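There is one chain below, alone, in structure tokens, taken in the form predicted on its own.
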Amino acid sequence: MSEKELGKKWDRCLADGVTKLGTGLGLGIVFSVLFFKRRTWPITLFSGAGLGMAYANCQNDLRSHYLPHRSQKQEL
């Protein structure tokens, strides 16, 4: 794997992490305000779930060094 490919994978990992963390944080805040009387545990739960999904995706992406990313596949 070249350094350029590794850099692209890390960029995708960071972007995915920020997106999933932000979504989890937003959902946690909404659920906390609407359903759980402004407690903090829904925010922590949803943010952790978002980070966990991003970590799993990043781990899978970095381990699959021999498979092209789905955006790089050429149609036959």
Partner chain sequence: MAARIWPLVKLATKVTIAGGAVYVACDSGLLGSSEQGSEALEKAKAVVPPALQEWIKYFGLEAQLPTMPKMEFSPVNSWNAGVRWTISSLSEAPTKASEYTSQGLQYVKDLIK
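Just so it is clear, the model here is predicted, and its values are computed rather than measured. Positions refer to the first chain, counted from 1.
From this point on, the text means the form predicted in complex with the partner chain, which you will not see here.
A.B. asks: In the model of the complex, is there a heavy atom of the partner chain that lies within 4.5 Å of any heavy atom of I29, even though the partner is absent here?
C.D. replies: The answer is no: I29 has no heavy atom within 4.5 Å of the partner chain.
A.B. asks: Answer with yes or no whether F35 is in contact with the partner chain in the model of the complex, where contact means some heavy atom within 4.5 Å.
C.D. replies: Output for F35 is yes: heavy atoms within 4.5 Å of the partner chain.
A.B. asks: Closest heavy atom of L25 to the partner chain in the model of the complex, within 4.5 Å or not?
C.D. replies: Contact with the partner chain, no.
A.B. asks: For the stretch 33-63, I need every residue with any heavy atom inside 4.5 Å of the partner chain in the model of the complex, listed N to C.
C.D. replies: L34, F35, M53, N57, D61 sit within 4.5 Å of the partner.
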